[in-house]
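We begin with a single chain expressed as structure tokens, specifically the form predicted alone.
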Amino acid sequence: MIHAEGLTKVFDDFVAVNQVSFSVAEGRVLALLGKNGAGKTTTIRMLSSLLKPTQGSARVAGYDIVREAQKVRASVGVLTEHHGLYSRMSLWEYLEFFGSLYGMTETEVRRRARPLLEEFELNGTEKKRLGEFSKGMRQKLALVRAILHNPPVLMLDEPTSAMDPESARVVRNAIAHMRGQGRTILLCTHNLVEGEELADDVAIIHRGRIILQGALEEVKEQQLGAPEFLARLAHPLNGVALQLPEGVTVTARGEDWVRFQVAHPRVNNPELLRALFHQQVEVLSFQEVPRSLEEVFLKAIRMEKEDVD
């Protein structure tokens, strides 16, 4: 649904986006991660046909972003960092105006918008002027506007910025629900916890270049090595050397716990537990050690800086 090849954007002598290539399959969420100024927003603007690339090409929902810009704009819902709400308009005036740009009648706008307003907890605000809305309410309304015409592709730039935790949770739940409906979503964020919760795939952009991309779990293993598991024991080991199956190594141990790195968990974990049982090591609990997207991001950025230096 989204395929970019060598996308580049140069402003005067500044290269904002440099040879960016990636794909997002139908029904998947790609989190485009990077610091402020890394090139995330410029990439979204090119992919939504709001900005013409200097070099490279891309297709969104099957349409070329330069030659078929109007069809691209009709196929995407875009939430930008600056969403341009008109403070003197009421909620209905605002949605009806944008709905008309997509050829929707007033009746269609209201029929489509009502369940969205309820989902985003904006029902009851229809007569208020947008200037009276809080920052979080404005962000949610901008998201309603982005999906009003039921687009197959969403491009969301910091969708929960300026929101309180409860409102942010409502929006994240809605994004997860839309993914379940088969929508393709490009999520730009520097909120790594949010990216990890919502994304199927990740791409890290640094100084305009993609430095790492892939499926979330694959990227974790690529950067952090094989997964690790923690076994808590019923009794101290007292320095006993463990006999471990091939593919399992000890990375740390304490008086009544051991942490293992496991090359192939589906195969090795049952073998490991059987080996511990036969050595009369009683295991109280056995669980994977969480590894965050933040660790992956920081390591990728650190390695990129070292390569440049």
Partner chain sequence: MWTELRPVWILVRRELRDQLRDWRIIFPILILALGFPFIMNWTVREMLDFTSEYGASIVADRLVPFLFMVVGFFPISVSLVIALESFAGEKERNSIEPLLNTPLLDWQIYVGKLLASTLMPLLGSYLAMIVYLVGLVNRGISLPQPIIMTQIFLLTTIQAVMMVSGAVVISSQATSVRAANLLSSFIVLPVAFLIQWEALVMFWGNEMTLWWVLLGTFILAVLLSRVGVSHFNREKVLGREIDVLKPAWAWQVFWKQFKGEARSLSEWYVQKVFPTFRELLVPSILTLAIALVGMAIGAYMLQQYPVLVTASKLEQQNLPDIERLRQALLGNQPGMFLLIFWQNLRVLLLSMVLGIFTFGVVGALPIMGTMAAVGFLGAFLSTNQVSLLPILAMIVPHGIFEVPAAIFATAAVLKIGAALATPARDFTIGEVLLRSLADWAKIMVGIVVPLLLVAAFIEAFVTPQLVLAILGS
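In this text, all values refer to a predicted model and were calculated from it rather than measured experimentally. Residue numbers count along the first chain shown, from 1.
Keep in mind that the form predicted in complex with the partner chain is missing from the display, and what follows is about it.
- Each of V78, Y86 and F98 is positioned with at least one heavy atom within 4.5 Å of the partner chain in the predicted complex.
- Shown alone here, A176 lies farther than 4.5 Å from the partner chain in the predicted complex, counting heavy atoms only.
- Shown alone here, R172 lies farther than 4.5 Å from the partner chain in the predicted complex, counting heavy atoms only.
- Although the partner is absent here, R45 lies within 4.5 Å of the partner chain in the predicted complex, judged by heavy atoms.
- In the predicted complex, the partner chain sits beyond 4.5 Å of every heavy atom of D164.
- The stretch from 5-13, 296-304, 20-28, 283-291 that comes within 4.5 Å of the partner chain in the predicted complex, counting heavy atoms only, is 5-13.
- Residue in contact with the partner chain in the predicted complex (any heavy atom within 4.5 Å), chosen from L224, A215, V193, A74: A74.
- The single contact residue among E197, E118, E108, E93, judged by any heavy atom lying within 4.5 Å of the partner chain in the predicted complex, is E93.
- In this stretch, 134-149, the one residue having a heavy atom within 4.5 Å of the partner chain in the predicted complex is R145; the partner itself is omitted from this view.
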